[in-house]
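Presented as structure tokens, the chain that follows is alone, the form predicted on its own.
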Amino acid sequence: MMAASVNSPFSADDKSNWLLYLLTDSALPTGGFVASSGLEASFQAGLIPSASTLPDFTLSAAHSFAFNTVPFVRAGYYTVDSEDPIAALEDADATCEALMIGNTVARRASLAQGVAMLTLHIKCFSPDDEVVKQWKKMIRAGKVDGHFAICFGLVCRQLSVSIENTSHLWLYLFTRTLYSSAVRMNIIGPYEAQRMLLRAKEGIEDVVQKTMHLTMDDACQTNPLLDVCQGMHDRLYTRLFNS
């Protein structure tokens, strides 16, 4: 069999693309597999009466999630441009904590996934990254909280992922989590989930554009009912997910 040419247009030789493939891997050890991002509680509360309503729910959830978290992803991303990146991280993280303190379930998931993201970066991508290592030490010491959005933005910046791709990746992972959770809850089947995920692209792209320039001062909830439902997750009689 003839070997593929090194100049083949199908060769994946772009490091940034390869990193994106890794970061979208469902096996990435950041704890996302045990989270439903509020889908389980919302389903039991009757907000998703049938499979046909799942796309509308997903778009509304993504819209609220983006306006609530993308400003902090962006803040974490740009902290390394500051004279004191750690101080900038502390400020952004404290603001994120103030916004999330009312939702115990979402806060717990955010903290668990935040430190997991830093651990992944240190163990797999850049073991000599002093900023990330120092930030993780501060989290472990209880000096800061270490929310996922802040850590995600920081790691993507340290991996030289563009801010545009960082925002797209953040919302893609959220959307995929919802559909993956819906499959495990038997709301839809795996083929239907992939079809819905593909069709979600246009709506998610619109959300990305609307939140691309938001700052921490712009962070808000656009669907408070979803936040309330997620906060009730620990009270569910039966549950598959941690959040």
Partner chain sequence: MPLPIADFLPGAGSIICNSFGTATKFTRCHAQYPLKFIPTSTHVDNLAAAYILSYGGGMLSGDEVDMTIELNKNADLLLMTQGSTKIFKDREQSAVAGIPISRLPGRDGPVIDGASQTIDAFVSPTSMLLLLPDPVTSFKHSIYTSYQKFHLTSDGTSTSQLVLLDWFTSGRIARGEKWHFKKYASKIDIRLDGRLLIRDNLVLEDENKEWMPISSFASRLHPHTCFATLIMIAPGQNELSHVVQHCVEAFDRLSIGQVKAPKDLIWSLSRLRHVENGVMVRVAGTTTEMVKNFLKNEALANLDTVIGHGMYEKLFS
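Numbering follows the first chain given and starts at 1. Remember, it's a predicted structure, so these values are computed and weren't measured experimentally.
The next section is about a form of this same protein that is not shown, the form predicted together with the partner chain.
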| item | value |
| --- | --- |
| Leu99 within 4.5 Å of the partner chain in the predicted bound form, heavy atoms | yes |
| Contact flag, Leu22 vs the partner chain in the predicted bound form, heavy atom cut 4.5 Å | no |
| Heavy atom of Glu202 within 4.5 Å of the partner chain in the predicted bound form | no |
| The partner chain contact in the predicted bound form: Arg107, any heavy atom under 4.5 Å | yes |
| Contact residue in the predicted bound form, chosen from Met212, Val183, Ala45, Val34 - any heavy atom within 4.5 Å of the partner chain | Ala45 |
| Proximity to the partner chain in the predicted bound form (heavy atom, within 4.5 Å), stretch among 22-30, 173-181, 45-53, 190-198 | 45-53 |
| Contact at Cys220, Asn223 and Gly231 by the partner chain in the predicted bound form, all three, heavy atom at most 4.5 Å | yes |
